[in-house]
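This document contains two forms of one protein chain, each encoded as C-alpha cells and listed individually as structure 1 and structure 2.
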Structure 1
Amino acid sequence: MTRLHEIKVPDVGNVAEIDVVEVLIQPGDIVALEQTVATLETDKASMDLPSSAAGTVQQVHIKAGDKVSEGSLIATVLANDEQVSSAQSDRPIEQASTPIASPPVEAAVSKTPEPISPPVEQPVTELLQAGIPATHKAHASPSVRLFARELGVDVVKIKTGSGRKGRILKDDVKNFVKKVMSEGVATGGAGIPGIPAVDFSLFGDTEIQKLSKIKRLTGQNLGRVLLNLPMVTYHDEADITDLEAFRNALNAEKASGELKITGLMFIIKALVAAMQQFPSFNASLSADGENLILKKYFNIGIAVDTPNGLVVPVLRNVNNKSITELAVELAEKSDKARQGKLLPADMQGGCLTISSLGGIGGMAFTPIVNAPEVAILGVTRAKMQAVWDGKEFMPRLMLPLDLTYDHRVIDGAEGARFMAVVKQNLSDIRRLLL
C-alpha cells in the first residue's frame, strides 16, 4: 500500500532556529530511505537530514535560507509502506492512482527515529550532546564531504564554497574537479609533481596580473600536447635569394599603400606543395592511435601574435588560392585576430600550422605541434650568408626553418625528405607550378 508520508526534522536536542543551507530534492524526485534530503546548520555544526521514507517526492516545504526546528515539515513523499521509518506520521491514501516507482533501496527499515548521519571527523562532544553531529572545520556537510571523498577531493583544498557563509556545496566539489582536470599540468597532472608555490614578496615588490583567457587556454593546450606527443624538431635552411629578388620586384610594382607580399605567402605555398607529395603530413592520428586520417583538403593555420596572446586563424583551401589572395586573406584574419574578433570557426579545420617569427628575428626555435595536426613549421629571420657553391663563397639569403613533427606519425627520414622538398620549392618557386 502507498501512503503520503511527511518527512520532518527529528529530535535534534535542545536546538531551535536551525538554518536550511541546501535542499537536495524537488517534487517528482524519487528518494531512497535515509537518502539526504537537506543540509541543516546551526552556528556550531551542520548535518544531513535523511529521508524517513522511500518514494516519490510530492511537495517540498522548505527552501535554502529558511529556519526550522524539531518537527518542522520538510517534504511530503508518496511512500511505499515497506520503506517507511515507523516513527514518522503517515496519512494513508485512499487511492494511489499510480504505482510508486521504488528506487533500489537496500537499507533496512528503522524502528526508531533515524538519527542524523554520523559526523565525519568530529571530536566535539558538546555538539553531540546537543544531538547534532558536527563536521570538520572546512565548511561542508557530511554528504558533500562523502561526495568529495568519493572523487578523491580533500574539501579543505576547496577553501570557500558558493553557499551561504562560504559553505562548500556539491557543485563546488564538481567545479573543483573540473578545474583540476583542465589545469592538470599546472597542478601536477599525469602524476607529475606540480611547481611549488613561492611567496615572491619575500624577495621584493610584486604585482599580480591576470592572464588573458587566450593565454590560459593556450597554456593548457600546449601542456596537454607536450605530455601526449613524442615530438622531434628538425632544423634546416632554405636559400631564398632568388625568391626575395622576385618578391622585391613584385612589391616595387605596387602603388604606395597597396598590400605588400611578404615571404610568408610563398612559404605557405611551398609547404602545401610538399604536403601534396607527402600525404602523412596532411593527416591526423585517430583518437585510439590505430589509424591515420588522411585529409584531402589543404588548410593552413598561421600563428598570429596579438596583445591578448597567440591565436591561429586558418586559411582554407590554400592549394586553390593565389599568392595575392592569400596575402589579402591573412591581412584580414590577422587584423581580426588582433582586434579579438576571430570567431571559433575562423580557427578550426587546420591541417598544418606555420609559426613565423621572421618579422621579429631569431635563428631557430622548437615550435610545439598544434595537435591533432602532426607537424608545425617554425620560421625565423632570413640572413645573408657566405655559402660555398663548390668553387667560391657566394652571398646567399638563407631562411631558417624548424619543423616539429609527431614522431608517432612521421619518421625522422620522412621529416628530412619533406623539408628537402619545402626547401627546393622555396629556392626555385617555378616548382610550385608543377
Structure 2
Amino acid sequence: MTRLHEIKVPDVGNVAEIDVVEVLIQPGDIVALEQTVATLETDKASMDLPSSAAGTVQQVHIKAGDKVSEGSLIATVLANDEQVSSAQSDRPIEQASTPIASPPVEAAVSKTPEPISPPVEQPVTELLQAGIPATHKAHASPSVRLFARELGVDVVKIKTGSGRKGRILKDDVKNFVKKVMSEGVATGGAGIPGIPAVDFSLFGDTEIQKLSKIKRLTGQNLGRVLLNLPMVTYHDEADITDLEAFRNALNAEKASGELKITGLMFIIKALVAAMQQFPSFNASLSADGENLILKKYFNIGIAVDTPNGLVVPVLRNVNNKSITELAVELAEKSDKARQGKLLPADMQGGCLTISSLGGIGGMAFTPIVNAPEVAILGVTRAKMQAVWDGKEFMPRLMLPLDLTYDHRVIDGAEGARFMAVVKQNLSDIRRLLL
C-alpha cells in the first residue's frame, strides 16, 4: 500500500540550529532507502541525511542556506509501507566528512593527528555589549527590548534613538549592530589592530579555497580562547619503559585479530587518577569568573583530525572502566567516525582533552585549552634516551608531555605537582591500583 511519507531531521544531539549545505533531491526524483537527500552542517560536523523511505519525491521543503532542527520537515515521498524505515528518529544521520580515528602508535603513544579545541559558535554578544558606559536610561518598548536581547544587544549602550523624544526603535538596534560589528572586523576584535588585506595575485598565480564551517569556527574559538585565557604550558617527560614492556606482553597474549591495547589507554587512566587527586583540573570556571564548577564525572576528549577540520570525541566515565573496556570504546568511536556517524552528542561533556601528535613526531608543542575545560595534555612520540640512574647511563623510553592550563584556575606549582603525579602513574602503573 502506498502512502505519503515525511522525511524529517532526526535527533542530532541537542543542536538548536543546523545549516542546510546542499539539497540533493527535487520533486519527481526516485529515491532509495538510506539514499542521501541533503547535507547538513553544525558547528562541529558535516552530516549526510539519509532518506527514511524509498519512492517518488513529491515535495522538497528546504533549500541550501536554510536552518533546520530536530523534527524539521525535509521532504515528502510517495512510498510503499514496506519501503519505509521504522526507526528514522532513532538512527543517527551520517557525517559527510569522514573523521580519521586514532590508530595504534609506536612507543605507546596514539597516532591521533594534532588535536585542537572543538569549535564553538562565536557570539557577537561580547562585542555588542562593549563600549558605551551604562550611564543613561534607555527609552524603548518591550518589543524593541526583546528584539535587542535576541541580538545580544544591551539597549542601554545605544546613546539615543531615532524615535520621538529619543525613543529607541528596531532600526536603531540594527544600526548599532552594524556599527559595532564593522568596528570589530576593522580592528580584529577586542581592540586589536587587524591584519591588513593583501592582493597576493600581484606576486603570482593564486587560488581561493573556501574554509569549511568547522575550520572557520575553530579559528574563531581559538582566537577567543587566546584573548580570554591566560595560558601556561608545562613541558616534561615520563619514563614509560616498563609500561611499554607490559603493554607488549598483554598484546602478545591476544589471539590473532583480537583488539590490541595502545599506549593511549594507559595515558587516559594515568590522567584520570591525577584528576581525582587534583579536583581543580576537573573543573570549569563560571561565566562571571566568580566560581569554580567542580565535576564529579570523568570524561576524556580525544582530538581527531578530519578532512573538514578537527573534532573531539569523548570517552565517558573512564574512571569506572578497565583498560580493555576503554580500548573497546575507543575502537567503537573510531569505527563510528570512519563510517561518518559521529554526532555532536559524541563530542560533548568532556572534562579534559588529550592532544596527541602520535607517530608524526616532534619533541614538544603548546596545545590550546579546549574551553570551558581548564587544561589539555599534549603528547608527542616517545623515544629511547640515555638516562643517568646515579651510577650509570641506562637506556629508557621517554614520553614527552605538554600540559597547558588556565592560569586563572591553576597556578604553576599545582600544574607541576599534577604533572609529577601523571609521570609517576605512567612510570609505575602499579600506582593506578592504589
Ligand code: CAO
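Fair warning: this is a prediction, and the values are worked out from it, not measured in the lab. Basically, rigid core = biggest C-alpha set you can superpose within 1.5 Å across the two forms. Residue numbering: structure 1 sequence, from 1.
Working note: structure 2 is the copy from the form predicted alone; the remaining copy is not. Residue 366 shows a C-alpha shift below 2 Å between the two structures [criterion: core-superposed Cα displacement of 2 Å]. Residue 259 shows a C-alpha shift of 2 Å or greater between the two structures [criterion: core-superposed Cα displacement of 2 Å]. Annotation for residue 403: C-alpha shift under 2 angstroms between the two structures, rigid core superposed. After superposing on the rigid core, the C-alpha of residue 72 is displaced by 40.3 Å between the two structures.
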